[in-house]
Every structure is written in C-alpha cells, then in structure tokens.
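Presented below, as structure tokens, is a lone chain in the form predicted alone.
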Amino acid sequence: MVLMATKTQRTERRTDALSKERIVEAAIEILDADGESALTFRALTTRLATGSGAIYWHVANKNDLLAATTNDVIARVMTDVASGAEPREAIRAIALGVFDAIDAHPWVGAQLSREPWQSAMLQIFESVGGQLQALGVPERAQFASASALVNYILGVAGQNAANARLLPRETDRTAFLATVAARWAQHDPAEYPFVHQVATQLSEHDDREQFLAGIDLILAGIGTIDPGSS
C-alpha cells in the first residue's frame, strides 16, 4: 500500500507540473524542427516524458494544439510592439514582427491561412485596426484598410517562408538570386522590358525592406482617403 501511494503521489506531481505552456513550448520545438507532420501526441509524450492523458487534460486534439502554438507565437509579436509608438510605426512594427515570426516558424503562416477565424488572427486584426483608428482613418474605411494590410502581411510573409522551404538550408541566397536574375536577363527584352529593367535589383534586394516598402505604399494609399467623403 505504501508503494502504491508513493507511485500515485509521483504521478500526480508529474501531471501537475505539466502545464499547457510546457506542452505548447515542446510542440513549437517539434514543429520548427520537423514540420507539422511530425507533431503527434506520441512525439509529445516522448519529449515531455509523460503520458498522453496528461497532455489531453490541456489540449483536446492536434487542431487545438496547433491553434495554441500559433496563438503563442503571435501573442509574443504583439507583446513586443512598443505601446507608445506612433501609429504608422506601430503598424510597421506589427507587420515586421509577423513577417519575422512566420519566417522563423513557417507553419504559423499555413495555420493562419487554414483557420483565419482563430484567436491569433484576431490579435493581428485587432492590433492593426486599433492603430488605424489612432491614425484617424474614417470608420467606413477601417475594415477595408485593415483587411488590405493584414492580407498583404500574411500573403507576403507566407510566400517568403514557402520560398525558403523550397531550397536547401545551406543555399546561398545572393548566389541563388543572381542565377535567377541572369535567367530573367536572357528573356527577349522586347517581350519583357520591365523584367529586364529590374533584373539587376533582384539579386541585391532585401526581403524585409521590400516587405516594409509594400506596407508603406498601402499606408500612403490609406492616407489619401478623404475623411469627409461618403
């Protein structure tokens, strides 16, 4: 009886120590290392040295776990945005934070696209929308403006992460882009005049700077909205 009681106490202590935060942290490590297909409850039990019941106590299924991990990553981005920043700079900080988060955790972009109604998406939409309100964007234009910004942020960030996954990790980015630029230059300039014009910029461009340039273009357009027009 004493041995059974001791065993029960140890099990309870181990279960109590297994918080949802620890489960999410372990899940993120698995997702970052091996992708979504590697995230299973069996893999989690092995990594956390616990039973599946202890994990199911905190998360109902894999979809619930993916939502929790995505929410955790995006929440960190929003926490890092300076509260006293000017609205335009705050929007740029939110955008760049999400861009970098998806670059570091490519599965986040896929999850946000798959379930756009989840809490993480609401965090992004609320943060961007709140800054547009502070910027003085007319109420009638706030939804369209926030949608344009959020769709751009997630679209470009997701595509950038997808492009990175297509290439081996050891790929030299500058050399790769130089090769692509050389291919562009081989096309008939009469048929592709613009491509020829910008080919030299391709190998030298910075993804983050180009991304922020797009944010600035959208904000410039939003800034032309007439507050008095219907």
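Just count from 1 along the sequence shown to find any residue number. Fair warning: this is a prediction, and the values are worked out from it, not measured in the lab. Between two forms, the rigid core is the largest collection of C-alphas that superpose within 1.5 Å.
Not on display, but discussed next: the form predicted together with another copy of the chain.
Only one segment in the set 40 to 48, 22 to 30, 53 to 61, 197 to 205 has residues whose heavy atoms sit within 4.5 Å of another copy of the chain in the model of the complex; it is 197 to 205. Residue 104 falls outside the set of residues with a heavy atom inside 4.5 Å of another copy of the chain in the model of the complex. Residue 81 falls outside the set of residues with a heavy atom inside 4.5 Å of another copy of the chain in the model of the complex. With a 4.5 Å cutoff on heavy atoms, residue 86 does not count as touching another copy of the chain in the model of the complex; it lies far away. At least one heavy atom of residue 218 is located within 4.5 Å of another copy of the chain in the model of the complex. Once the rigid core is used as the reference frame, the Cα position of residue 36 differs between this form and the one not shown by 2 Å or more.
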